[in-house]
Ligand SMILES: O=C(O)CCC(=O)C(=O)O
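Okay, here we've got a single chain as structure tokens, the form predicted on its own, with questions on binding and movement later.
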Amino acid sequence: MVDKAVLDRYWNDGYLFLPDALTPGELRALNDDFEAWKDESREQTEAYGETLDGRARFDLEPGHTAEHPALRRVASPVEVSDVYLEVMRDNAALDVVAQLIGPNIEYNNSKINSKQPGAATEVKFHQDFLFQPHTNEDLIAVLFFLDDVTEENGPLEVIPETHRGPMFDHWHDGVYTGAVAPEVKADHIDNAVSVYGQAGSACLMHTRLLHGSALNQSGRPRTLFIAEYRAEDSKPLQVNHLPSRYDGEVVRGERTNRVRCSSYEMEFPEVPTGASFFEQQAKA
């Protein structure tokens, strides 16, 4: 539990850094499973595995080899790991999520994003809500740091207070790119804040916050376990882009079946279920 001043900081800035969001045991177990998947990927030459909608679960960085494995994404790891499922259901950051948008909280989706040393993956600036419209905006992504996040290994970059501004268009020349226009980034990049922290920390992020991340230019990996939660009265308006049999599971509080709505003036994309975020952004 955190005090009101900390909660107010989240609502003002659109994000909140939490040290020690994972216990040493949780951190070790999450990393053990990811390392096992990375070793498994040595035998693969292209994306593999299968999610609920038949798409690949494990996504590989271009240049991946058996000698230098570059597993960059795991879609819905809670489906294939008891450890990830257990941490998703109960962790210190989730208690803060419940303080912010609770008391009744549902699981929305999860993934692992990893930038191995020298990885070429850049996440262009975007707002998550455009990928997953709901009846209201009470959605929070919790980004758990499985490695130390430094200036050199591609940290999360956020633009404070943009969650209280407009939802920027992610359509360009008739194509949904999954990113804002270059001029939008140029207008805001001077206000960007890089979120650093030790492994086991977490960053809570509002669904409308403008954010992205740069390349990993270091010799150390940067791996995040991202679990997203929503208020129980926030209902999805389209199929989850990261499908899970746990979608909608109540992880704090109780089910009320209430629905709370906000109004929007934005054209939401028909994001294919399970579509790779990196594939979406590659078109930008």
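Here the structure is a predicted model, which is why all the values come from computation and not from measurement. From 1 onward, residues are counted along the sequence shown.
There is another form of the same protein, the form predicted in complex with the ligand; it is not shown, and what comes next is about it.
Figure note: of the listed segments 211-219, 251-259, 32-40, 230-238, the one touching the ligand in the predicted bound form, with heavy atoms no more than 4.5 Å away, is 211-219.
Site annotation in the predicted bound form: the residue of 156, 184, 101, 93 reaching within 4.5 Å of the ligand with a heavy atom is 156. Think of it this way: in the predicted bound form, the ligand has a heavy atom of just one of 71, 167, 123, 195 within 4.5 Å, and the residue is 123. Proximity of residue 60 to the ligand in the predicted bound form: non-hydrogen atoms within 4.5 Å are absent; the residue sits far from the partner. Taking non-hydrogen atoms only, residue 76 never approaches the ligand to within 4.5 angstroms in the predicted bound form. In the predicted bound form, residue 132 stays away from the ligand, with no heavy atom inside 4.5 Å.
Of the heavy atoms in residue 27, none are within 4.5 Å of the ligand in the predicted bound form. Counting a residue when any of its non-hydrogen atoms is within 4.5 Å of the ligand in the predicted bound form, the hits in 96-131 run 111, 113, 115, 123, 126, 128.
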